[in-house]
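Take a look at this single chain in structure tokens; it is the form predicted alone.
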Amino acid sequence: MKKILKVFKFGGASLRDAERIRNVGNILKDYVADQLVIVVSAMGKVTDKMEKVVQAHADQTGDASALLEEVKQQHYQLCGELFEGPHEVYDLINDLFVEVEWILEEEPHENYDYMYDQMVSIGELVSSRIVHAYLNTIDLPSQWLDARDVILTDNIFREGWVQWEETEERAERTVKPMLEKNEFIVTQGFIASTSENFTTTLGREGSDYTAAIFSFCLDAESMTIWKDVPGVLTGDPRLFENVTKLDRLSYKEAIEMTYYGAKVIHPKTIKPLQNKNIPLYVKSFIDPTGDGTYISDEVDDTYPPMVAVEQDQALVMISTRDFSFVAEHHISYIFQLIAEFRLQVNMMQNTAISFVLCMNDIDDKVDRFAEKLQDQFKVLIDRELELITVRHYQQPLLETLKEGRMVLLEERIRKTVQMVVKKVPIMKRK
């Protein structure tokens, strides 16, 4: 009887400590009858910590080695709780950390994004080694796969674009023979490689996208993302009360919500699945028997209001220096720069003498973008903003969301309202 191929993705929250990793093992015991490709993220908060290592090295603060040592000890402590006595996994993860130590011995690379990818990728490589070793100790035979041997991207670091044809060929050549051994395959999310074998990453929180790439290339029967929430909710429970779980969601609606900032799924995840009609389940690793949310093309488009909040937004206001119109050739140049810096534009508005962009304020990308524009344009940047998107909106909800906030930019299209807002204290009479 042919086994069914499924792709599972476990994020950092599900791997943050020994107890959580044991829980993952318990979940997987129910799927021994299936072929499984298991995509894992770095342990909880490790990516954040490795970003600090990179920044310390770039700034030459002298703290990089100490910060890296903290990450190492975190993983060694985890291994001590999972494995009894000596185990080969210690040597395997030590070799990975040594690669980062070599980088720290050199001068910072002139390309920060390149250096970032070579160092931050260690989180996924180490966590996958630990999960792989643990599964084998609990009689769940598994094989370790380096995702960089399968997923090929262009040479843009920190936001690599998948080269699909070559990636499919690599999956056929590398992964399918492994599947014939009837063992689980454990691999990494987030990371890939260039044709010159330099490590690239797929964008922050890109492990969901990795799982979708494997699902697409291997014609998986389904893909499941295991989260710390019961499924896709109508809003972030950390920000809103009375959120409800959506039992079913269409591909189209999922694409809309992830594009607008819903954090439960990475924005690039849905399209590869839709192209091959592969259903996606979002389930809880805390309550694995729950139904979760089912995403496919078989779902009706009738939904309650859904809210997504994108924080750390910048509003970039661009105008010509001579107060002439912002014409087509101006906009063409602006978009060339947006592509060059790989900026994520979430909202835009054009008037006669200005062009306004709302974008994610990540690292120094917005500043570099503005600096490049300064020769031809006047540029103003407003920071520390939120982008609130409401799908299937109702007016009373919009009024509630505006309380204590000044709306800097608003746009309404069918079914959707977007507002760029700035928090302001509500004035009270003395």
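Sequential numbering from 1, following the sequence displayed. Model, not experiment: these values are computed from the prediction.
There is also a form predicted in complex with a small molecule; it is not shown, and the following applies to it.
Only one of the listed residues (V232, I213, L135, V126) places a non-hydrogen atom within 4.5 angstroms of the small molecule in the predicted bound form, and that residue is V232. The stretch from 351 to 359, 69 to 77, 224 to 232, 271 to 279 that comes within 4.5 Å of the small molecule in the predicted bound form, counting heavy atoms only, is 224 to 232.
The closest non-hydrogen atom of V417 lies beyond 4.5 Å of the small molecule in the predicted bound form. Using a 4.5 angstroms limit between non-hydrogen atoms, E168 is distant from the small molecule in the predicted bound form.
Shown alone here, A13 lies within 4.5 Å of the small molecule in the predicted bound form, counting heavy atoms only.
Shown alone here, A262 lies within 4.5 Å of the small molecule in the predicted bound form, counting heavy atoms only.
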